[in-house]
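To begin, one chain is listed below as structure tokens, in the form predicted on its own.
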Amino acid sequence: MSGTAAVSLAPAAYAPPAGLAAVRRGAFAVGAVAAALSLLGAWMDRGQFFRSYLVAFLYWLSIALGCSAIAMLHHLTRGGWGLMIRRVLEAASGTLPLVALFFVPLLFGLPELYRWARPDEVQADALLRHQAVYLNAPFFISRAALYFAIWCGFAWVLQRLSARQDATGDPALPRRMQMIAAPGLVLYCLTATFASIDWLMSLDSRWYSTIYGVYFVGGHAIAGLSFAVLVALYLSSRGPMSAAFRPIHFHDYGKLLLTFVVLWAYFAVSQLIIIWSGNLAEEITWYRGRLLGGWSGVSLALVTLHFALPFLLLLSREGKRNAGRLSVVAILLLVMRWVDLHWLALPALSPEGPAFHWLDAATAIALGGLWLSAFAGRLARRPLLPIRDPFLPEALAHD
């Protein structure tokens, strides 16, 4: 079937597979059970619950935000690669209001997580008193509300224009989406940087890094694209998208994923080299706990499994085109993203080393089940391809 013929078909020709309804129900059921267990865990060990919940929240946020950023990158560049997964990206970014609700429980655990939220410690520490102008609960909550307002706002506007394009085919809409995506990406990078300072870096408010936000954003890109690739592989094995996806599409995604992996590693190594060469006591303590203490094994695992192995697997042309190999890389990167967030957050709270707790899994599954249910519901609402986009024939005929 040619790309032009495919575009001329009715939207029903690209209807989402019926299996998404079962995915939605199953994910919600699993998430609800895990949420009940997480609430039990919160009653048993409040401190551990909030430590686990923080990582779970940041993990699912990284997938939703990563997809939103990649969607804006697609609108900005108008690349044909993005058209095949636009619906996946839109469905994931459309869950950001739900992720904002996921943030609310953390507000009840600020003293368990952050020293600056403990009045007695603030009064006893001159540095914390100095930082209190910025690091205080009301301002912290206000900034979080602003971040989510910006993220949800841009995602909503772009999805409205995309839906209008499906309905009208207005040739001016791609340019409008491009003009919105440009400032959207800039504001995303700025707000994600400040969010990384608020939610992660301030766990150890005596340490700072000017490249930390970029590292945080790089993790979003890897998580978002890895998730989108897995969903695309799922759709490509079922009608009607089995006739639309081609190996070249996954080759493109593999190349983009390789780029994100290299960028993430570049940001990580750059931060390490700058801090190590400066050799300042207030800066190197953050790395000493991660490279020389009980967390050294996790650091080695990140180097090996978050960079070296995916890098080698994605170098191969066949590895990027082979659905099985690409899915293994995507799953590996999603797992290591979870590990990376533990490595970023928990040494400040558990400096003696990693200690897996069942709440780590329960909170991640709880939020993940609810998030995947919402994602599947949004993906099932619209045709799986933007049938009236002027670049779709070229994307479908890509070889």
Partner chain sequence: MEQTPGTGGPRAADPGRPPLIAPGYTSATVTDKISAVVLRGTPRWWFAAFGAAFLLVMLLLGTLGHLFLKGVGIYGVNIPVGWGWDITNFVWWIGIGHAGTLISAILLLLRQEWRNSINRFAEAMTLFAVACASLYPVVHLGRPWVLYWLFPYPSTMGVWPQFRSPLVWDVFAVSTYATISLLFWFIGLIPDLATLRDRAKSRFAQIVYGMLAMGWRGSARHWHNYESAYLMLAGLATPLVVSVHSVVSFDFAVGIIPGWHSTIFPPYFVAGAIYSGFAMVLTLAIPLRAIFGLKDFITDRHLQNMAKVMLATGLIVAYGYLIEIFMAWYGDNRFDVYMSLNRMFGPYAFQFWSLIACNVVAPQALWIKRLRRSPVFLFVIAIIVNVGMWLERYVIIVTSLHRDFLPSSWGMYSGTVWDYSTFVGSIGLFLALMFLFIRFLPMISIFEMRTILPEARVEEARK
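Since the structure is predicted, the reported quantities are computational estimates derived from the model, not experimental observations. Positions refer to the first chain, counted from 1.
Only in words, not in the display: the form predicted together with the partner chain, which the text now covers.
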### Task
Using a 4.5 Å heavy atom cut-off, indicate which stretch of 228-236, 157-165, 301-309, 171-179 touches the partner chain in the predicted bound form.
171-179
### Message
Please identify the residue among 145, 291, 107, 127 with any heavy atom within 4.5 Å of the partner chain in the predicted bound form.
### Response
127
### Query
Though the partner chain is not shown, can you say which of 327, 285, 296, 131 has a heavy atom within 4.5 Å of it in the predicted bound form?
131
### Task
Answer with yes or no whether residue 277 is in contact with the partner chain in the predicted bound form, where contact means some heavy atom within 4.5 Å.
yes
### Query
Can residue 251 be called a contact residue for the partner chain in the predicted bound form at 4.5 Å between heavy atoms?
yes
### Close approach of residue 211 to the partner chain in the predicted bound form, 4.5 Å, heavy atom
yes
### Query
Taking heavy atoms only, is residue 19 within 4.5 angstroms of the partner chain in the predicted bound form?
no
### Message
Residues 25, 96 and 322 are flagged as a possible site; in the predicted bound form, is every one of them within 4.5 Å of the partner chain by some non-hydrogen atom?
### Response
no
### Query
What residues of 343-362, in sequence order, lie within 4.5 Å of the partner chain in the predicted bound form by heavy atom?
none
